[in-house]
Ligand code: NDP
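Take a look at this single chain in structure tokens; it is the form predicted on its own.
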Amino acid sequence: MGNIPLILKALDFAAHKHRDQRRKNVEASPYINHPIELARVLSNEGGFISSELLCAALLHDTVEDTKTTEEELLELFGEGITRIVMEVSDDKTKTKAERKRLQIVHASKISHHAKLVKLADKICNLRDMVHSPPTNWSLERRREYFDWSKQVVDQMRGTHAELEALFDAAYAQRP
């Protein structure tokens, strides 16, 4: 059984860190809905109850998109969760094109738990792109995102058949 207090601690931490952020959709949804959706996909659709995995899903964008440091995560959540978060975090000092290229290159080399978080992230992002896309994204840019996401996921094939099928179903909705 999962460590509910730890999961709630991660949820509270992520909600605080993302408190002023909004998604780029027309509704300007609170950003925290995205990490919550990742945890929901992993738990409800993937069948995972690992506290480490669900906490990493909730925290997956904190280092990349807020002022959260690796040291802060280590102190609060330990080495295992922090390692997963760091594996799925882009280095924002690099250009966007380089970050995207590196996601493809590194996808096959990250840990199993990091692959699961990455799969859930891509599933959620594609679903959002279909149902509530960023307001300023052209059709071409959305299609490019779908195709790039598939390149990342293709490097992780064999990780989890059910999540991969969910990704494929989301990809089949490519605009």
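Bear in mind that the values here come from a model prediction, so they are computed numbers and not experimental data. Note that residue numbering follows the sequence shown and begins at 1.
What comes next is about the form predicted together with this ligand, which is not displayed.
In the predicted bound form, no heavy atom of K109 sits within 4.5 Å of this ligand. Contact annotation for K100: at least one heavy atom lies within 4.5 Å of this ligand in the predicted bound form. Though the partner is left out of this view, T69 does not reach within 4.5 Å of this ligand in the predicted bound form, counting heavy atoms only.
A residue is said to contact a partner when one of its heavy atoms sits within 4.5 Å of a partner heavy atom; M129 meets this definition for this ligand in the predicted bound form. Of the residues in 111 to 149, those that come within 4.5 Å of this ligand in the predicted bound form through at least one heavy atom are, in sequence order, D121, N125, D128, M129, S132, P133, P134, W137, S138, E140, R141, E144, Y145.
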